[in-house]
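Given as structure tokens, the chain that follows is alone and in the form predicted on its own.
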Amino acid sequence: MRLADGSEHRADVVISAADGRATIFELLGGRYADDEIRRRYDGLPVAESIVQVSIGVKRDLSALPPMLDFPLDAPIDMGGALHRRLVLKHHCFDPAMADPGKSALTVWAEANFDHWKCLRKDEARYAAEKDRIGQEVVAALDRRFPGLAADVEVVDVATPTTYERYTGNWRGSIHGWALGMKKMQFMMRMGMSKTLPGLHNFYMIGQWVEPAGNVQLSAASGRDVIEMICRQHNEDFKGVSR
């Protein structure tokens, strides 16, 4: 592997947990992409990214269901996507998430990546839009839980470009491929190949080769690759197979 400073590092095996498109078409320059891989990245729809509003409140909400889905009196524009319902999660099941008597809340909503990517070019407008969304979500929760706004201690808003910057995922996607017939076919079969044609001792793991795209399966794909390597070298695999 050649780094930006020109130094080279060599290994018997390379496992990429990076973004699929960036790995195949940027780091490797598309040299190991066959027609099937190109059709996938050119044609399969990508799961939408999200706006996440994280809220810390000085109120114990552990008596509530861990997830609530409720209608809004008035829709909220999450930046290019209008939402008439909110899905609220509290994390009281984990005492490390908040001090005693307090709660950590999150609201997720699908968002338009292109809208936020364009808005990100103007820092002032971008910050103002995040502030607006945070305020409107808190106001909506206050109507659902009277007095909650006065208990809010911190609000943080993450956008699709936040996910793109922190994870490197193509279009800020949090689940890889969008659910559809093609994705279902991959899920019902053996999934997607974790190797690239013509590139030996190289493997890919993560949401772009695990069609369901969730955290658990992305992590399990790393275990699967280790099992593949063990099999290739006639070594016993010590983990638990799927």
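Keep in mind the model is a prediction, meaning the values are calculated, not measured. Numbering starts at 1 and runs along the sequence shown.
What comes next is about the form predicted in complex with a small molecule, which is not displayed.
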- Message: Check for me: heavy atom within 4.5 Å of the small molecule in the model of the complex, for each of A18, Y163 and T167, yes or no.
- Response: yes
- Query: Which of these residues, M204, L61, I174, A33, gets a heavy atom within 4.5 Å of the small molecule in the model of the complex?
  - Reply: I174
- Item | Interface stretch in the model of the complex with the small molecule - options 63-71, 46-54, 33-41, 196-204, non-hydrogen atom within 4.5 Å | 46-54
- W108 within 4.5 Å of the small molecule in the model of the complex, heavy atoms: yes
